[in-house]
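What follows is a single chain, given as structure tokens, in the form predicted on its own.
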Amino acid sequence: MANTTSVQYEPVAEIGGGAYGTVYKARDIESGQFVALKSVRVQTDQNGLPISTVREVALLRRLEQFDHPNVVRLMDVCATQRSDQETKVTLVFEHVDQDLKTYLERAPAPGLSPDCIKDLMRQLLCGLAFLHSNRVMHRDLKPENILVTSQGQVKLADFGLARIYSCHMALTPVVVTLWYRPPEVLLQSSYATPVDIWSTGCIFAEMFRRKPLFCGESEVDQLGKIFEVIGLPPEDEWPTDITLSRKNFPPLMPRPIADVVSEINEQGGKLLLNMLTFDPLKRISALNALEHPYFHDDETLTQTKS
């Protein structure tokens, strides 16, 4: 990791900000190309940067060598010591002009075509399968963290940085949207890569609906809205390592998915329910989702016609 400042990059505009710092669109002074600069403040220990941060950056750099088409490219990492207790790590990513949220908002009525949604979902799951096969969890998938190029190429962004952020998050009152959080995280139970599949399911539904699927105002309210769609899970699926009791929720039956996402076809509805499965161990994986008939029914039709 280069111990240099970001003098090579000239900020052009602020793209966004959050608890972790500000993201800028910047110009590489040498090449003239646009990049996205993301600065993260990391608490340092006696030996400099914590090993978890060094490991995370090393993993990001290793992923970059694969040059996966559906993962945003990490081009450079610069570290600047601000004080004995804090170091600023600047991550330099390729710049993409719009995210999925903007892409959905700009789509003319009545919204994205079923074929376009299928293509976006396939790309999103390809990127996710790649991350998960390298033991990287995204942990914060939402339309704002999925980039779409002008050619319609999907690129996952803001991934794999949760551990870099962890020490700083403890110091910041973070208000993150609950709407894409899976039940195991809302219940503060243990979690793994299936968290990203739940979020992807929420995004899948949103592409059809043009509005978020579950809009809770608190963690308990969010769970209530989820159970209104998928039903209250059985007692034997309720996590045992949590304080919130299943008895806090009314006994609800699942609603037909077509009532909630009216434009989705039958196979799409089945895939969505496989993603929005309460028990993370029973939730479909990204690799298996790519094999789902939803992605292959067009091919079957073509073969039948020929």
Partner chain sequence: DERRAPLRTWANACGPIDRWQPVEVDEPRMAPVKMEPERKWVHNCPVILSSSHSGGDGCVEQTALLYPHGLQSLHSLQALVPSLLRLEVEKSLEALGLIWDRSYAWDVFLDIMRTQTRNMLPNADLPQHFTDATRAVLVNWLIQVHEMMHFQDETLYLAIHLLNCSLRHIKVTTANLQLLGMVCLFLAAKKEESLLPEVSGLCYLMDHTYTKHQLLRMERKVLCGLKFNLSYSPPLHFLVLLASVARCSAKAVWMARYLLELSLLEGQCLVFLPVQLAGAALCLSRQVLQEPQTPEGEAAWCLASSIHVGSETVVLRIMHILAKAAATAHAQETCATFIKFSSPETLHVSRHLGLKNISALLGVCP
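Positions refer to the first chain, counted from 1. All figures in this text were calculated on a predicted structure; none of them were measured in a lab.
Note that the form predicted together with the partner chain isn't included here; everything after this is about it.
Proximity to the partner chain in the model of the complex, defined as a heavy atom within 4.5 Å, singles out one entry of L232, M137, L187, M75, which is M75. Here is the short version: of T177, S113, T80, T149, the single residue with a heavy atom within 4.5 Å of the partner chain in the model of the complex is T80. Within 4.5 Å of any heavy atom of the partner chain in the model of the complex lies no heavy atom of L273. In the model of the complex, no heavy atom of V40 sits within 4.5 Å of the partner chain. Under a 4.5 angstroms non-hydrogen atom cutoff, the partner chain in the model of the complex lacks T193 among its neighbouring residues. With a 4.5 Å cutoff on heavy atoms, V12 does not count as touching the partner chain in the model of the complex; it lies far away.
Each of I51, V57 and L287 comes within 4.5 Å of the partner chain in the model of the complex, counting any heavy atom. Stretch-level contact analysis of 149-157, 232-240, 102-110, 129-137 against the partner chain in the model of the complex, using heavy atoms and a 4.5 Å limit, identifies 129-137. In the model of the complex, R62, Q65, F66, M75, D76 are the residues of 62-76 with at least one heavy atom within 4.5 Å of the partner chain, listed from first to last.
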